[in-house]
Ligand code: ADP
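The chain below stands alone and is given in structure tokens; this is the form predicted on its own.
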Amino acid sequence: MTKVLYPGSFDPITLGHMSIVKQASDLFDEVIIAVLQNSNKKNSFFTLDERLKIIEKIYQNYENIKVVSGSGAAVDIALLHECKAIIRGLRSLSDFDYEIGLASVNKQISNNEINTVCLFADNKYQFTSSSIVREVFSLNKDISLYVNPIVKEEMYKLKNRKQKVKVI
């Protein structure tokens, strides 16, 4: 059984991310989505727990997709779950430059046990990112083209909760 890890902060998970998950689930026996806290991002939209629950809800009926949370190096999480590779999504040449360096480091620090497989999101999601989704949402514009309806609903719920807190 070939398992792969798809790590990311997924804040929020986008249709681009989901395109990568679909491709990986068609190629490998099991895809483990690792929802991670990005230490470089000071302000998350969703908490780690909220992101985990949203992604679990999206993939609850998929037998070969598992969702976990973790911290630390993605290669350590991959090894813990007996994965053969880490999945990375590419959108542009700048993504490729970054990912090739990351793949090399991951291979080294895993003692050559973890490879990296790069997949391209569907063309219509080439410029979709979590940060763009958050920006469009903050401008009160429709995000339906970028996220699953479950994500959209949860973003509005959180926004409404935050607005109620400010009013009180």
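Residue indices: 1-based, along the sequence shown. Bear in mind the structure is a predicted one, so any value in this text is a computation, not a measurement.
What comes next is about the form predicted together with ligand ADP, which is not displayed.
Though ligand ADP is absent from this view, in the predicted bound form it lies within 4.5 Å of a heavy atom of just one residue from Phe46, Tyr125, Phe28, Tyr59, which is Tyr125.
Only one of Val67, Ile114, Ile54, Ala121 comes within 4.5 Å of ligand ADP in the predicted bound form through a heavy atom, and that residue is Ala121. Proximity of Lys84 to ligand ADP in the predicted bound form: non-hydrogen atoms within 4.5 Å are absent; the residue sits far from the partner.
With a 4.5 Å cutoff on heavy atoms, Ser110 does not count as touching ligand ADP in the predicted bound form; it lies far away. Heavy atoms of Ser9 reach within 4.5 Å of ligand ADP in the predicted bound form, making it an interface residue. Using a 4.5 Å cutoff between non-hydrogen atoms, Ile20 counts as a contact of ligand ADP in the predicted bound form. Along 93-114, these residues reach a heavy atom to within 4.5 Å of ligand ADP in the predicted bound form: Asp95, Glu99.
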